[in-house]
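Read the single chain below, which is given as structure tokens and is the form predicted alone.
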């Protein structure tokens, strides 16, 4: 596959949305196609390397980047000028090539209580759902909802499944689910409405690690089916 060469942006369609007096969202939803992902990745990296004094947090999302700031150190107008100048000269480079991260998953049984529902929805077998889910190559679009929760792009159309009509009040840590056009992994016990098809023993978030979140935007992953015995023998959760 031919790698895209680096190129320099001149005009990126965007809008700035103030969030009170301490944050502003750079809305990039008007950028066409897959260019949004590369733009946000490079913009995030640039701001982290060369942000003005007063920026206190940087939050990348699927179609936006939010900057939190201290208004006694940085005015909105100054931040607005910085953002527009950055977008006018930002250089977009291809993402580093890395091997996909393998995420082991035990499908079905008591850890994937909605696997039968997903199979019934698509009029196929649970084995076919597992085969399709493990065949995909997924990209982390963003981390959100919970610390370490990855929203994964790349779910096959045949697996798109509506969320549950009634969310659960407690989804176990490590649960792998499908919600609409996305698949994801719950890093800790929490309420949730996604269709649960399995569970991984990998700890998605650990505040004691140098990098607490196992995954980051742009990472690619593959799911690998494991047995119930392997799940319980290799769990990283406390």
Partner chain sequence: MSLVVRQPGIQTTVQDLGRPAWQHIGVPVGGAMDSQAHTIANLLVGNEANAAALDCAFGGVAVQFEAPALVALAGRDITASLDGTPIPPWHAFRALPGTLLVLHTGCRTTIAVAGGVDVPTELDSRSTSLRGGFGGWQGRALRKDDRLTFDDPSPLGARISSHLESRQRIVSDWSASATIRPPYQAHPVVRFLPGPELALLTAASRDALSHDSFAIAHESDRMGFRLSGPPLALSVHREMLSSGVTAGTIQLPPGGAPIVLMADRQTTGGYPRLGDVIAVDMPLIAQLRPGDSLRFDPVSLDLAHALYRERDRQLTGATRAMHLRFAPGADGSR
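Worth saying up front: this structure is predicted, and the values here are computed from it rather than measured. Numbering follows the first chain given and starts at 1.
The next section is about a form of this same protein that is not shown, the form predicted together with its partner chain.
Within 4.5 Å of its partner chain in the predicted complex, a heavy atom is found for all three of 61, 71 and 145. None of 93-101, 114-122, 135-143, 154-162 except one has non-hydrogen atoms within 4.5 angstroms of its partner chain in the predicted complex; the exception is 135-143. Residue 207 belongs to the set of residues with a heavy atom inside 4.5 Å of its partner chain in the predicted complex.
Heavy atoms of residue 75 reach within 4.5 Å of its partner chain in the predicted complex, making it an interface residue.
Although the partner is absent here, residue 21 is a contact residue: one of its heavy atoms lies within 4.5 angstroms of its partner chain in the predicted complex. Remark: residue 173 does not count among the residues lining its partner chain in the predicted complex, judged by a heavy atom distance of 4.5 Å or less.
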